[in-house]
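Take a look at this single chain, the form predicted alone, given in structure tokens.
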Amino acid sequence: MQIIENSKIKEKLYIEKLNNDLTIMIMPKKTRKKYIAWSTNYGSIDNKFYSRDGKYHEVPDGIAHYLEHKLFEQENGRNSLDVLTSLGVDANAYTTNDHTAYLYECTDNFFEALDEFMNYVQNPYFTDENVEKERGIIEQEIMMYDDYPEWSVYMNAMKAMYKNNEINIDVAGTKESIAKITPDKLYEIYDSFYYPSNMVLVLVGDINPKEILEDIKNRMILKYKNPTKRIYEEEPQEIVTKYIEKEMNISMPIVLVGYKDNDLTSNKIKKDIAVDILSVLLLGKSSEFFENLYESGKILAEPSANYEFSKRYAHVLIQVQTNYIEEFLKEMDTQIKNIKENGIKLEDFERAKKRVYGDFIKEYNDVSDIATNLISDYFKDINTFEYLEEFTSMNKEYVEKVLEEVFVENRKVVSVIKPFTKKD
């Protein structure tokens, strides 16, 4: 078993690869809680692939999310989510653009729940009846997301930024796309992407690494399989459109500014930290930008900013609610221009770096945050502890370089959700 230790946060990460090629990651924590998540590197972007027999497949949008819903259904007529809940554990699942995760968290009955958990993830059961039963539920979920302004402003930004990249596909799909999902297609997806070397099992909390490994091995059914070959469209350097707008039932406009980053080979961890530092410098409560807009009542809260990336895309997203869209965009452009021209003051950089570091350390206090980050980073070929090491070498010159190279006007998109126009 490999053990990676980080002295800065005094945490150890135990990593074991089983004979079937499944990676298991365990981080013991001094807490009563136990958290487990089993994830596969399959999400909404993986709709075109060659199966192991060389046959080409193109599956409906939303099928990864549909399979996540249906995997709880068992041949004995039970729903595993209900079984886990009856044991007093907090069970759930989620689908992203590049992975699907099944999980539960508890203080008691962990091993009783482990039997059900490892059984349902490894034993899919799809029928015409149970697949059809779920269609209406997922249609309602799609409608709910269609009515969710924060999701709409995000998806519109992706569509404005990317022409071919599959991140512009909605995770849940559409009513039309999920109508094409059948049991055979779900089995096809499970067989193609739910195999050990494409998965990771993460455990965090009050856990003994050696003991839990034996329990997992005893419950393991999945066998080694050769990888499935995925097919992705080539993405042009340019954005699709600079501005996209939609009206919804909201009281105040939501603005999302995105910068497309075409450099997919540079150190993403370091760039992620740099963007977090820049967000504090550019938009934080002590910035000139925030003071100007907050004091004049044009924004009511600090804008959120993050660097979202994978192996296939990267972009910066900045979001705020404001009735003064043009003023916000103009003030942000001015702030970016000023820092590009004048550079960052060393004392401001050090202050922002300390804040970002503190926020990152806090994430190691929560078992679910730790597990989620471990999974996300694993599928990006990142060791989570690398973030802590990169803080050591972070300097203001690198942050200025990221500002210059990523915050570029011709790769900027603006997505806006406005309240419905009042009719006379």
Partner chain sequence: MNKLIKKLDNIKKGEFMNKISTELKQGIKLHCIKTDLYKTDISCIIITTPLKRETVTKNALIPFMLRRGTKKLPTQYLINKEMENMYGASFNCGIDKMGDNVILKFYIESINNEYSLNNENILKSNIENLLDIVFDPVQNDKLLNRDFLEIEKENLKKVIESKIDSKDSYAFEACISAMYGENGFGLYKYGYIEDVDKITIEEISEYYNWLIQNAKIDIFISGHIDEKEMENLLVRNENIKKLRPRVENYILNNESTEIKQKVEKPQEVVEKLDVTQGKLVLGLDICSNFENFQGIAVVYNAILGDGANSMMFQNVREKAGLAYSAKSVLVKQKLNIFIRCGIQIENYEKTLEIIKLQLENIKNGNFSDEDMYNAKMYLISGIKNVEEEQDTEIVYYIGQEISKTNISLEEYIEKIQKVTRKEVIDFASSVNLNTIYFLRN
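Numbering follows the first chain given and starts at 1. Worth saying up front: this structure is predicted, and the values here are computed from it rather than measured.
One more form of this protein should be noted, the form predicted together with the partner chain, which is absent from this view; the next part is about it.
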Residue among I239, I250, L329, L264 with a heavy atom within 4.5 Å of the partner chain in the model of the complex: I250
Note: exactly one of E58, D359, D381, E397 sits with a heavy atom within 4.5 Å of the partner chain in the model of the complex, namely D359
Looking at heavy atoms inside 4.5 Å, which stretch does the partner chain contact in the model of the complex, given the options 219-227, 307-315, 267-275, 84-92? 84-92
At 4.5 Å between heavy atoms, is I15 in contact with the partner chain in the model of the complex? no
Any non-hydrogen atom of F110 within 4.5 angstroms of the partner chain in the model of the complex: no
Can you tell me whether S296 touches the partner chain? I mean in the model of the complex, with a 4.5 angstroms heavy atom cut-off. yes
Touches the partner chain in the model of the complex: V280 (any heavy atom, 4.5 Å): yes
Which residues within 119-150 place at least one heavy atom within 4.5 Å of the partner chain in the model of the complex? K133, E134, G136, I137, E139, Q140, E141, M143, M144, D146, D147, Y148, P149
